[in-house]
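Heads up, the chain below is alone and in the form predicted on its own; it's given as structure tokens.
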Amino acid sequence: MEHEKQPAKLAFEAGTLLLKNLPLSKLPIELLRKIKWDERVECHRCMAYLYAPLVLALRDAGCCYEDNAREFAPLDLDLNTDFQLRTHQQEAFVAWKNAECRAVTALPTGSGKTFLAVTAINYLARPALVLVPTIDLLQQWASQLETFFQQPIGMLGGGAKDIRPITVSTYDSAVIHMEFIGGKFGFLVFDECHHLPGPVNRVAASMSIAPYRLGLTATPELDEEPAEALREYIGPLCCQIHIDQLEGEVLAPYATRQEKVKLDAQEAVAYQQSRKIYVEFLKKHGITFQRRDDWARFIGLCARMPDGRNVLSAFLEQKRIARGGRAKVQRTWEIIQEHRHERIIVFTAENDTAYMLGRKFFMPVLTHRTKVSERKEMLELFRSGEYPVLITSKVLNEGVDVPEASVGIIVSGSGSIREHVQRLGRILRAADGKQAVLYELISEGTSEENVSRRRREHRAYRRSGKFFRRRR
């Protein structure tokens, strides 16, 4: 029942909005579909992220309302910097404002996404919560924000639970705490926002009333459903600027070099034997990996079928050989020697290969198993030059700031375009006289050739400046 003569009342409760005296006939149908009657409290209820469109709809309809959901007020901020937005940042900032301060921007790694967010926080002057995917980024963002705003910055995650007007949180911690703090922030910044559409992470966005939202990513390419989730919880993609558009000015000039190496005779025989067992199993059971559930079907069949254990072992063995053959190890060492006066990151697809290379080369290895204190020390020693090489699996794919790196060696990786672009982005932060180069090592005659073709389907690898080198 509507009570149009009484003001509508909005209240925040556990990540939702309680809505009393709601003038249903005056609200747009697309909003009404997301509002439900809750018999337990005898009023309407919706997820908290609908706060902004609901308030705007009430205003447009000329309806009076009492807002008891918002627990924030304007901040008095003083931005401590002489930096000015560069042309591409200004373009992104204007596009975001034109999208009513609720949108996703796609800027390459190293092009200043952090300062774009700082500018937006200063512009809105509202309590802001920055969400990040890792503890490394939690600490990195908190340190930079403290420098820019000259005030203590709150942190949620990694053992910290300190809520302040400007706070940085991991996605995991935001999911846990948002039912309690969802009314306290007017602005949400989603760093590496392609992580948001996951079924757990999106909870953090849905349970906050923040009317202003900014998504930051270098790789906005998503499937249809995740892309729709970004539009729903953050806003549309309002600006996309590509690596090649900034090369040589904002980003370092770069080259990409794909090198094919041969398996030795023993490896080739072992690879073909394992590959045959795996492929024949796929054909027998009609698995093409074209459907979303094919991987789950494969694992399920391996668990149930009499020959399943042997098939799974063959699958893992052929991948291991292709990803870490002896020729790859030798070529990796040669490249390290060729660039011995530069800072180098060696990327692998899994921890085992990373640790194998670390043992062979007596070099530091950074994986998800590395303790936070060790990781911090490794990165500091890498930046100082005491460690000229870091070997990693996926930890350095995104987010961590290593501007000194100028050479990347992809020993192995997935077919993900996002991962490949992220790895390129790790070596592109500009510096005087810097020429970045990304090597991609491929085991010839293996499934890696198809994997490489898939992950290179990005304009950063198609520009005229790229070239290939084939080793025999």
Partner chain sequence: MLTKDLMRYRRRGDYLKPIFIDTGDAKLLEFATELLAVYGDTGGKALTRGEIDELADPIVKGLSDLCLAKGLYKLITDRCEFAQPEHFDYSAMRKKVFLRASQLLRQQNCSFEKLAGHMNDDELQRFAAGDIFADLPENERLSRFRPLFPRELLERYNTAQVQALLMYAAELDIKVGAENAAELRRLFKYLKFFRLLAKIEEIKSPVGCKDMNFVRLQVSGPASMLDSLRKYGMQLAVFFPAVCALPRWSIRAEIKLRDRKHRLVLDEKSGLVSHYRNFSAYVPEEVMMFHRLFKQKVKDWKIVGEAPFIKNGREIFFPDLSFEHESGKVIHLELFHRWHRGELAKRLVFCNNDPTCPLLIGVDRSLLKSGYDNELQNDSFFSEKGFLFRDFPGVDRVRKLLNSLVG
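Because the structure is predicted, anything quoted here is derived from the model rather than measured. Numbering follows the first chain given and starts at 1.
FYI, the form predicted together with the partner chain isn't displayed, but the following is about it.
Looking at 358-366, 235-243, 135-143, 282-290, the stretch with residues near the partner chain in the predicted bound form, meaning non-hydrogen atoms within 4.5 angstroms, turns out to be 358-366. The partner chain is not shown here, but in the predicted bound form it comes within 4.5 Å of a heavy atom of residue 296. Within 4.5 Å of any heavy atom of the partner chain in the predicted bound form lies no heavy atom of residue 152.
Within this chain, residue 160 is remote from the site of the partner chain in the predicted bound form, having no heavy atom within 4.5 Å. The partner chain is not shown here, and in the predicted bound form it never comes within 4.5 Å of any heavy atom of residue 26. Listed residues 220, 388, 112, 308 were compared with the partner chain in the predicted bound form; 388 is the one with a heavy atom within 4.5 Å. Residue 207 is the only one of 210, 345, 216, 207 with a heavy atom lying within 4.5 Å of the partner chain in the predicted bound form. Every residue in the set 13, 38 and 179 has a non-hydrogen atom no more than 4.5 Å from the partner chain in the predicted bound form. Interface residues of 323-340, taken as those with a heavy atom within 4.5 Å of the partner chain in the predicted bound form (partner not displayed): 329, 330, 333, 336, 337, 340, in sequence order.
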